[in-house]
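Quick heads-up: it's one chain on its own, the form predicted on its own, in structure tokens.
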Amino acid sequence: MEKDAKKCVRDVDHSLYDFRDEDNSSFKTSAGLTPEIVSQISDEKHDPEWMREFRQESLKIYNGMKMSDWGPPIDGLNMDDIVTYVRPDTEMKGKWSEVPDDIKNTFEKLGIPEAERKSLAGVGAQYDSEVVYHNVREEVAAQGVVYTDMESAINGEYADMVKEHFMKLVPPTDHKFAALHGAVWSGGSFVYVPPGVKVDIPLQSYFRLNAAGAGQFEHTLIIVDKGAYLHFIEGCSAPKYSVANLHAGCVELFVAEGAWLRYSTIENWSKNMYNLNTKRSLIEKDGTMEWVSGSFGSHTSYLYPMTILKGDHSRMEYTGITFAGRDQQLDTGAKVAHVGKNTSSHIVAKSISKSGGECVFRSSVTVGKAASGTKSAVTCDSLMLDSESRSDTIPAMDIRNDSADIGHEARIGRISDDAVFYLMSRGISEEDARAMIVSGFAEPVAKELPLEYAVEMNNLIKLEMDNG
């Protein structure tokens, strides 16, 4: 890969363009990863002492771990070339009008303030390594719902709650990029929904990585208390540069007894991005976790949201779609661990590959010895749009209770020539016919999203169909 971090090319995401010759941030660390750089990040973040120690210990773990070799190759990523912290030239704002124009214009092109006005209970917007805007509706805040940036949470009245939960579901020892995250994390959102509170319209965080050759390491921590209800939406994008960018965020979700959480993600990273994100949830008795995922960008992805069904009668659903075009290797899926009694999980994954793109679906279903009455079903459908592309399905099941009811189904195929011919006989062009078939294939995912986001997902599919 070229190492000229100032050279950039047209951003194809959402038809946005960014021709910055150099970033306008007021501070960034040097490229690479050393104890001194990690200390610099702690200084910038005004970390409490426990977090300073946590970062340095995570760095030691990172340096002592080997790179995973079981997924797509990531040999094009060199941490010596990655800048781990880039601070925008602004403090976080609570009013959209106060956000600097150059940053505001980027998010306005993405439709963030418009979406907030129409259909969101609150919005957080992160630009490079820092949250630049955070706001929540007054009526939602009046219910006791907390929605703020991680830095405010870790240094404010919720510091003890953050310390109790931070990287407990995803410890730095989990894998090399979890350790990296523990060392250099920055930005992200903290959400707490009190017992019995139902947030009727979604909260959203949007992440924009705008600096060439940089990494983004946001941390999202959500706690939905007993009997509460929340839908959280995450969106991601970045302009395309000629150098590698890295996304190694972390999402930790705690769902208490009888609570319900849906976590929806639409990721449209550029194709120079290595997306190595880790997401995990812990579900108590009678709790429900729903994942909705759309992955449309990045050069390489490792993305497998995991759910731990700890409590009896807890349940999980995962619905996801992945679209891999030219020069993309997207390794995605879901994991679930059944621990409590009478738990259930349902995984539905769809993938589309085109122009030589490679999709790999991985699922992991684990049923513990005490997890009697477990029910789990996994369905994976793959659609290849040409003979150059590739799709693989790799399920793993570890069943240790003989009362479990487990099923797996996988189908891989191509667009039917008969279906295309039928649509063309009705006056539809071949291009539109193929696009309609692909949109229909993705419909089970689209219908799980709010209308605006379903439209956005369909637009992204059309963009991928046009561009490959």
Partner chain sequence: MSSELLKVEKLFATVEGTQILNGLDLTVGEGETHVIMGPNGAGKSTLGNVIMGNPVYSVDSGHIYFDGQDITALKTDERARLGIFISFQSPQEVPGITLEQFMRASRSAVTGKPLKVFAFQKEMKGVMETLSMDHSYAGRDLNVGFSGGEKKKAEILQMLMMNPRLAILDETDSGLDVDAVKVVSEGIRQFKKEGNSLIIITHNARILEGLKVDYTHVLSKGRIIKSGDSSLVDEIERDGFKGIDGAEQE
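These numbers were taken from a predicted model, which means no experiment stands behind them. Numbering follows the first chain given and starts at 1.
In what follows, reference is made to the form predicted in complex with its partner chain, a form of this protein that is not presented.
*Asks:* Does Asp47 make contact with its partner chain in the predicted complex, using a 4.5 Å heavy atom cut-off?
*Replies:* Although its partner chain is absent here, Asp47 would stay clear of it in the predicted complex, with no heavy atoms inside 4.5 Å.
*Asks:* Consider Gly440 of the chain shown here, and say whether it contacts its partner chain in the predicted complex, taking contact as heavy atoms within 4.5 Å.
*Replies:* Close contact exists here: in the predicted complex, Gly440 approaches its partner chain to within 4.5 Å, heavy atoms only.
*Asks:* Hey, in the predicted complex, is Glu409 touching its partner chain, heavy atoms inside 4.5 Å?
*Replies:* No, Glu409 sits far enough from its partner chain in the predicted complex that none of its heavy atoms falls within 4.5 Å.
*Asks:* Looking in the predicted complex, any heavy atom of Ala404 within 4.5 Å of its partner chain?
*Replies:* Result no; Ala404 lies far from its partner chain in the predicted complex.
*Asks:* Counting non-hydrogen atoms within 4.5 angstroms of its partner chain in the predicted complex, say which of Ile399, Leu423, Ile37, Met65 makes the cut.
*Replies:* By the 4.5 Å heavy-atom cutoff, the listed residue in contact is Leu423.
*Asks:* Can you tell me which bits of 414-432 touch its partner chain in the predicted complex, meaning any heavy atom within 4.5 Å?
*Replies:* Heavy-atom contacts within 4.5 Å come from Ser416, Asp418, Ala419, Phe421, Tyr422, Leu423, Met424, Ser425, Arg426, Gly427, Ile428, Ser429, Glu430.
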